[in-house]
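Only one chain comes next, encoded as structure tokens, the form predicted alone.
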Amino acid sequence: MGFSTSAAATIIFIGVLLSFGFLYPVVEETAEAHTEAFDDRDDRSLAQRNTDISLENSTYNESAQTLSVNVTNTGTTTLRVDETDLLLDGVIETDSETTVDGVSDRALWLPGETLTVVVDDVSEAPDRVHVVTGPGVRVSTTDVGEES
């Protein structure tokens, strides 16, 4: 074994060390990203299991052309009002007024509280009303009451 064999072995050893030095941080970051993604998924799943809502009533006023929907948070998760969507016949309503237990401008909807959504300029009573929360729990009804 001459000098050339020792030099080649040293170059290969340094190459392996450099490769490991570049590879290790990438593998570590990837493992951390996977762990965070699994933790986020578990948190979302837990929030969804603890979320429950009950659609109390939906009433259409033909003379005023307004629809009022009352939904109670029956779960243990605090919900955000701005992440709660109302769909009338499959169309999302973006122009509505909301109150939580009669108080407007509330951002949070706590367990046991009732969210009221009032939509103006509804030309006819919808056939279906859906309420969808941020965690993805929904409730719907086809029983829309009418008041005059």
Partner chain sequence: MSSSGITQLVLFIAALTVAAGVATTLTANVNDISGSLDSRGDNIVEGIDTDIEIISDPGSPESIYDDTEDNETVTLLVKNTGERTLSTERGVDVVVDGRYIPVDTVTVVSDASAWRPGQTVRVTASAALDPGDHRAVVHVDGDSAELLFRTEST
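Residue numbers count along the first chain shown, from 1. None of the values given here were measured: they were computed from a predicted structure.
As for the form predicted in complex with its partner chain, it is not shown, yet the points below apply to it.
K.L.:
Select, from the options 30 to 38, 64 to 72, 110 to 118, 49 to 57, the stretch whose residues sit within 4.5 angstroms of its partner chain in the model of the complex by heavy atom distance.
P.N.:
Selected stretch: 30 to 38.
K.L.:
If you check in the model of the complex, is Gly102 within 4.5 Å of its partner chain, heavy atoms only?
P.N.:
Output for Gly102 is no: heavy atoms all beyond 4.5 Å of its partner chain.
K.L.:
If we define contact as a non-hydrogen atom of the residue within 4.5 angstroms of the partner, is Thr94 a contact of its partner chain in the model of the complex?
P.N.:
Contact with its partner chain, yes.
K.L.:
Just checking whether Arg106 would be counted as a contact of its partner chain in the model of the complex - the rule being heavy atoms within 4.5 angstroms.
P.N.:
Because no heavy atom of Arg106 falls inside 4.5 Å of its partner chain in the model of the complex, the answer is no.
K.L.:
Heavy atoms within 4.5 Å of its partner chain in the model of the complex is the criterion; list the residues of 2 to 18 that meet it.
P.N.:
Read in sequence order, the residues that approach its partner chain (within 4.5 Å, in the model of the complex) are Phe3, Ser4, Ala7, Ala8, Ile11, Ile12, Gly15, Val16, Leu18.
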